[in-house]
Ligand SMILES: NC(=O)c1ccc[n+]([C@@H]2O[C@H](COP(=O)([O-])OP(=O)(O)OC[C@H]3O[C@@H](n4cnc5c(N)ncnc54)[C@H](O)[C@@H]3O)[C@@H](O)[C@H]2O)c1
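One chain follows as structure tokens, the form predicted on its own.
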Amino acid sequence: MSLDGRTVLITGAAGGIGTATARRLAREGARLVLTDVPGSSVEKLAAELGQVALTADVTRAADVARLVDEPYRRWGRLDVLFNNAGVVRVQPLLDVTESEWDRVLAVNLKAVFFVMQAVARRMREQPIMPGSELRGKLIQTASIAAYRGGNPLMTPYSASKAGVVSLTRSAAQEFARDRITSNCVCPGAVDTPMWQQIDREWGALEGWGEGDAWKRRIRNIPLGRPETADDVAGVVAFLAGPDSDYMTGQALKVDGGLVMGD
């Protein structure tokens, strides 16, 4: 149990990659604070895993302060942040409104930054993790959308995820002196509720049937199968654990080979 005793905060924990990661980290022995929006199933997940649940809106400063304070209130420290909350919308570039742009960027980039900032302020003041040379770890969820030629049907999403990669690298530079690492995962086509939404919205625009957008997206994956949330959770567990202690500023593509190279 490589994460035995480590405390972890997961945003966007109630579905997809967040849920799979919560289950994986719990099996590895981590103590978790799981957070998602009100009305989500985060309390049910926390009860299943014997962990702590908080409902919060990561775009609200008061909620961010409350969710970051929770692991310190309970355990006196936070070892790992998995900054995972995100939203998407599929629509033509010329149809994107200011309010829709603001909604996607608020959750996917602005909130990622301010949750990271709030956590780093606390992490840099805490003692080194037992058995490590680090005080803490910051892990963000980006996407291969940050690297593939921009999809004009997901322009705000792609822009936000490119921003997350940039934030990850800036934080790695800034907090290395404090013994805090910063890395991100870049998933590909993951079989999650988010991709079910993408399939519906993309298919409606193109006149395709249910599942057609998904089939088109996964047919050229070099490893020959669609990605699961567990594929990503395993990499997050690695980044949260001791074997990645000498890694920082990295964006790890977990996509079955869809994007190769820089």
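In case it trips you up, residue 1 is the first one in the sequence shown, and so on. Computed from a predicted model, the values in this text were never measured in an experiment.
The same protein also has a form predicted in complex with the named molecule, omitted here; what follows describes it.
Relative to the named molecule in the predicted bound form, residues D57, T141 and A189 are all within 4.5 Å by at least one heavy atom. For the options A46, A213, M194, A26, the one in contact with the named molecule in the predicted bound form, meaning a heavy atom within 4.5 Å, is M194.
Put simply, of A61, L223, L205, V37 only one has a heavy atom within 4.5 Å of the named molecule in the predicted bound form, and it is V37. Shown alone, this chain has one stretch from 85 to 93, 170 to 178, 68 to 76, 127 to 135 that lies within 4.5 Å of the named molecule in the predicted bound form by heavy atoms: 85 to 93. Contact between A14 and the named molecule in the predicted bound form is found at the 4.5 Å heavy atom cutoff. Contact annotation: L153 falls outside 4.5 Å of the named molecule in the predicted bound form, judged by heavy atom distances. Although the partner is absent from this view, A120 stays clear of the named molecule in the predicted bound form, with no non-hydrogen atom inside 4.5 angstroms. Among residues of the shown chain, V107 is one whose heavy atoms approach the named molecule to within 4.5 Å in the predicted bound form.
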